[in-house]
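The chain below stands alone and is given as structure tokens, in the form predicted on its own.
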């Protein structure tokens, strides 16, 4: 087995986002939940190892990422990719910078890019500043994120607080000139002692040019957008077929459900849209904290409904409501209570016959796939930019029967308001 691209994602939905982009570009891709323990097959061009390291302590995130890198090196990967969120979710202490530096050192490299841009989802960079739509990242809803509040949109300045090395800018005047000009700027930055380059990015064409300029870099650190530009490098080298169907999934049956743990603005709108059309059950963290058996209540509520139509289980709430919960219960306890409850509900509804499941939120997705015992996902067709359907294998909690499961693991910020309503149409019947 020889894998072309080995990827390390700092959360589960981010890993799925990247894997979906690679599949769209014609790379047969599998996403592994944690470091693989079993063979993954020979018909794979790219592997994404999804960790849960985005909000881990820095030392833990670095150690897990290095362990994932070692596995990918042993698998024979030709290039490596550290994937983080398109809103650069981190803190002044880390984890993006420290993990990137550690991976570079392990690869005996001293230069890479930092490129969270994803224009199709409204993430652009100009003069080193990250925009969400028409506003600076620091003015967006991310300023209120409970774990990684982003209050500085200047990526050059912000990343500099996280690393021991130096960060430089590839400005838009250079980027628009194409790959060769970008590569020349890389060389200038290296000569100036820079270890990271932040390239301005306004359009998808910019990402393709930046990707081409990265062909010889051992390591790329980015959101999923740069995946538009990397696969073509392998084609030019004769390592990847020009035309290859990479998103075919086997048909899956079963009942349908949605689990939403994200409190992002996008997910709030998606929850509201689904509540208008289908039954919905709210998970109250205060009831969980008081010892109420919310999981049993939710599963009892679902019986008789889930056989007729998709149902929604949600803990999604406004930023003010989240702050109130965290103030009374503590941030870590509140998050753990909700994640554990949603994961247990996922186990319960799969036992009821759910075979097509949408999960919203990176932390929630991580908890759910772990509870379901899913170790790997084959990536299929895209629902919305950055969110594909996948298929995995789950083990029934009661009789240990292995069964296929279709999963859509959605980053909280992604998707149109009708995402939960339209996603099913992308699955083969």
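Since we're looking at a predicted model, the values are computed, not measured. For clarity, a rigid core is taken as the largest C-alpha set superposing within 1.5 Å between two forms. Numbering follows the first chain given and starts at 1.
The form predicted in complex with a small molecule exists for this protein as well; it is not shown, and the discussion that follows is about that form.
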| item | value |
| --- | --- |
| Heavy atom within 4.5 Å of the small molecule in the predicted bound form - residue from 223, 211, 94, 335 | 335 |
| Interface residue in the predicted bound form among 317, 189, 106, 312, criterion: non-hydrogen atom within 4.5 angstroms of the small molecule | 317 |
| Close approach of residue 285 to the small molecule in the predicted bound form, 4.5 Å, heavy atom | yes |
| Residue 412: touches the small molecule in the predicted bound form, heavy atom cutoff 4.5 angstroms | yes |
| 4.5 angstroms heavy atom contact with the small molecule in the predicted bound form for residue 361 | yes |
| Contact of residue 325 with the small molecule in the predicted bound form (heavy atom, 4.5 Å) | yes |
| Location of the small molecule contact in the predicted bound form, chosen stretch of 24-32, 50-58, 363-371, 379-387 [non-hydrogen atom, 4.5 Å] | 363-371 |
| Core superposition between this form and the one not shown, C-alpha change of residue 163 at least 2 Å | no |
| Rigid core fit then residue 115 CA moved by 2 Å or more between this form and the one not shown | no |
